[in-house]
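Heads up, the chain below is alone and in the form predicted alone; it's given as structure tokens.
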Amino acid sequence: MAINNWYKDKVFYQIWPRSFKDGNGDGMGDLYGVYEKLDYIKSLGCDGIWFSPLYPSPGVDCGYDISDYYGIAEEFGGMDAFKKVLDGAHERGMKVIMDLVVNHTSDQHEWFQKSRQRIDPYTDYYIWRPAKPNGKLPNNWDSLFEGKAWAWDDVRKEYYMHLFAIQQADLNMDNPLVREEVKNILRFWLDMGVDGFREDVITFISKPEGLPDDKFMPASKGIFMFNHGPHLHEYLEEFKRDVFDKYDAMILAEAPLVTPKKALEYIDENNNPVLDMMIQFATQEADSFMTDYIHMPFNLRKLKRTYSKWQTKLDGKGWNMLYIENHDHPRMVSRYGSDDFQKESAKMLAVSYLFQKGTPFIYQGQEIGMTNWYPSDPEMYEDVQTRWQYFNVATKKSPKKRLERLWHGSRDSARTPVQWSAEENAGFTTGKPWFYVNDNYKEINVADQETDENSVLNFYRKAISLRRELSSVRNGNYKEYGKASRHLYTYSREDGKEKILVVCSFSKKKNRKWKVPEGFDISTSELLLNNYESLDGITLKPYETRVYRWRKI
């Protein structure tokens, strides 16, 4: 576990390697490109990097189908390039965490190939089951990506479980040998100098005994059976005791459907925590239901309830991981903000979460306000989940409506190459990009924003610098105001030295009235940050945001 909780004072930058920066001209983002941009990441005020998977992989799920846990894919530059980036980051005072993906492996992994042939000791490394006597599947669970959660293997003559893509076979974590494999993987990277892990869907690794049917199907897809399984805490404690307690490492866990109460079972600092932080999905559900593909009108009150619940329920007990974007969800400007007010809403969204209590994560391209991608043909999508949604879900809708579902829900909107300049291919590569570049790269790119003091990029720099200066952001109490408002999010942070007031308008309306909370006298405050050149009293412009401070004598 992280000694002295160093992660609490960090700001992390997430890199999805394929689309960050191509350094050798082959069209694929790589570690050469990352090394080029270390100073850029540092210039944002970020002093930590989270890498999405860099391991060798067939690429069915863009690296989350791992075939070798002990290597770095050659397409990213191999191990030497990774060590150069790791050393370069550490020289700049930056931490580096890796993705740990151990709920499943690629079906091309050596373990799976030997398991399907019943070669010891790998026979029970995965979750295998025969067909039921009536020929039905072992249970009624669905895959979260494509079809049912079971695939037939002609070699072994049994079904194997895959909660995600068919080529992502679930490991049998109940097998002690599998847990030893996980611990060996952890030690390998920690000994190399990696500073921790983001653990992919780690709350799925313990399945219930007997793998019973889920009575809430089909709506649940089985998730209520395999999420937070019976031995999850036991296995996380084992990993902590045998590995993490011996290293100064941060453990961040992805946790679908987790609540603050549930999270505290794992991260309560007063009760022997097995994790440092958890990634909740609730902040991504203000315009959807259960999945990004079930699109609904944006509901600010729902978002505010989530923000405030996590801020208050964890206060003094656990630590928040703060984010508004990552590789698994469409771009936030296009969802909770507005493409028409791209610059204004991108800045407002930054403020909405950067001044909360916790460790912020910024996803590549978020810092320039990258937007969703709107392709004209579903075949242009790369993501396995997206393609399944188009060709197998809501098929009675017209092709246009089905395509619009992808515009709202596809992860590929977050995976278009980072827009570095207005040059060809957005400056991402001198070759042919592995994936489509968003058409708006000439209007939204790093190079142009570097020279504009009022750009989204430079606003992020100011905001990150400011949150580091403010003692109330690190340690202060949180309080929300105007909870019933459908358009404004207002909250304060206060400690013994200062209090700040954060105002965020989620409205396109030009003259949105704002009621100053009782007890705050704006005339005696310092205006620390805002996204318009001029203020108009208590009348807010579209997507306006302000941060005020009062010092205590």
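Everything numeric in this text was worked out from a predicted model, so none of it was measured. Residue indices: 1-based, along the sequence shown.
Missing here is the form predicted in complex with alpha-D-glucopyranose (GLC); even so, the following discussion is about that form.
Contact with alpha-D-glucopyranose (GLC), judged by heavy atoms within 4.5 Å in the predicted bound form, is confined among 200-208, 333-341, 389-397, 80-88 to 200-208. Proximity to alpha-D-glucopyranose (GLC) in the predicted bound form, defined as a heavy atom within 4.5 Å, singles out one entry of V101, M370, M348, I251, which is V101. Note on contacts: among Y64, F51, Y491, F506, the single residue with a heavy atom within 4.5 Å of alpha-D-glucopyranose (GLC) in the predicted bound form is Y64. Contact check for D328: a heavy atom falls within 4.5 Å of alpha-D-glucopyranose (GLC) in the predicted bound form.
Although the partner is absent here, R415 is a contact residue: one of its heavy atoms lies within 4.5 angstroms of alpha-D-glucopyranose (GLC) in the predicted bound form.
alpha-D-glucopyranose (GLC) is not shown here, and in the predicted bound form it never comes within 4.5 Å of any heavy atom of K309. Of the heavy atoms in R411, some are within 4.5 Å of alpha-D-glucopyranose (GLC) in the predicted bound form. Of all the residues from 142-157, the single one having a non-hydrogen atom no more than 4.5 Å from alpha-D-glucopyranose (GLC) in the predicted bound form is F145.
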